[in-house]
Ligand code: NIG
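This document opens with one chain alone, in structure tokens, the form predicted alone.
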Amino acid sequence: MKIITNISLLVGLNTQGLLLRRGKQMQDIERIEDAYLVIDDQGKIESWGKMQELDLTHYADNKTLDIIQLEEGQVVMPGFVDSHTHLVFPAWREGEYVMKIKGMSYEEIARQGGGILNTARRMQQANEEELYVAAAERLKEVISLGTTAIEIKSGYGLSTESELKMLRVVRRLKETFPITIKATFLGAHAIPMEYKQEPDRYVDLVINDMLPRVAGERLAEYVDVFCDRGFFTQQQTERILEAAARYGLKPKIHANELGLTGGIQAGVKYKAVSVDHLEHVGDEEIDLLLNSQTMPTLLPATSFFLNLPFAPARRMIDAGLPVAMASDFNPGSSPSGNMKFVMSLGTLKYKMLPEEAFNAVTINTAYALEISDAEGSIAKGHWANLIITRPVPSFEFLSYLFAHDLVDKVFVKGKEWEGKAGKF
């Protein structure tokens, strides 16, 4: 058992049993100043309160009691939940970064065989062991930055064997890391060069070969499709989602990054858990989302890195929608898994209040992974997945100081994560 004491600010409490926060609710954050927090022997949150209410004699008979006393100014908050990443990849793409600097667009690079297709070629040459070692190092880093639950997609294989290889690496990460990891099959991430003239043949491959193999090995919880201009049409997306439903895979859609291309419509129609990107959203899309259970998930680091338009987050929240934000960590369009920076981008580029940005990277991203009943907020019985910050003067400072690592300690299921060495 652990008791964290002298917490200057305990933030992200969830006493109402909420699974998400929407619209004006996103401005609400339950908090206590000068607090304590009790973690039970199973690594779950037992109780909390004001320091003046803490009676340590109540725990006198507990032989495993560990009291963690904080310094003035330290904040305790839920760990970040990153609901959209491409963490498993064979190599970085810094060469394309230079091409972007010289003025080439993401779509132009993709048409020349760069982008996703570039990584796919390297993926076919990589073996599972080297992919696992590289991905494990990235995962250790993002945990050290405060991420305590994550989604990881395939999608750089674009062939049956390479897609399976990626998902097997994700399965191994699940087996060797203590954080919650959800796997998403994204075979429809791009159309391989050999299928450019007949993209429906590739869709057939995804449906008739990849999906049965993924389902047969139980390698994924979700299916994703890049439904956008130059990638997969709404009709092709719906074909894949219908087939995936027969195997029990729930949809999570790449939607409307490059235009109003029907990705949100397809996602809502097939009850997607989330629709992600959403740089282009109109009144029709907002109305559809308002009448659905689908979480709109924004990826501001991608817009930042690619100089794309930023999603209309302010308009969406003001309309009453919930909004989540994730990192989109990948080698081509968002080479960072730093969720604190994502939170800062929410305030700087989406004009979200600090409270709204905080909820967008904790409880709402947990909803986008269907784990908000156990993670993403501080509630009795939830896992003690926590960030303890360095001393800060205020809650607003967390998003204000955008380029600084303010994480002092990270707890995963009640155990301290010891830095980038990845030890407990």
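Residue positions are given as counts along the sequence shown, with the first one as 1. Since the structure is predicted, the reported quantities are computational estimates derived from the model, not experimental observations.
One more form of this protein, predicted together with this ligand, exists but is not displayed; see below.
With the cut-off set at 4.5 Å between non-hydrogen atoms, does Gln74 touch this ligand in the predicted bound form?
-> No, Gln74 stays farther than 4.5 Å from this ligand in the predicted bound form.
Is His254 close enough to this ligand in the predicted bound form to count, meaning some heavy atom within 4.5 Å?
-> Result yes; His254 sits at the interface with this ligand in the predicted bound form.
This ligand contact in the predicted bound form: Ile116, any heavy atom under 4.5 Å | Result yes; Ile116 sits at the interface with this ligand in the predicted bound form.
Exercise: Asp328 in contact with this ligand in the predicted bound form, heavy atom 4.5 Å = Yes.
Answer range among 317-325, 236-244, 79-87, 122-130 for contact with this ligand, defined in the predicted bound form as heavy atoms within 4.5 Å = Result of the contact check: 79-87.
Name the residue from Ser344, Ser333, Gln265, Thr180 that puts a heavy atom within 4.5 Å of this ligand in the predicted bound form.
-> So the residue touching this ligand in the predicted bound form, by this definition, is Ser333.
Consider the chain as shown here, without its partner, and state which of Tyr106, Tyr202, Phe310, Tyr270 has a heavy atom within 4.5 Å of this ligand in the predicted bound form.
-> If I apply the 4.5 Å criterion carefully, the residue I get is Tyr106.
Non-hydrogen atom within 4.5 angstroms of this ligand in the predicted bound form for each of Arg93, His189 and Phe226 = Result yes, every residue of the spot touches this ligand.
Quick one: name the residues from 6-28 with any non-hydrogen atom within 4.5 angstroms of this ligand in the predicted bound form.
-> None of them.
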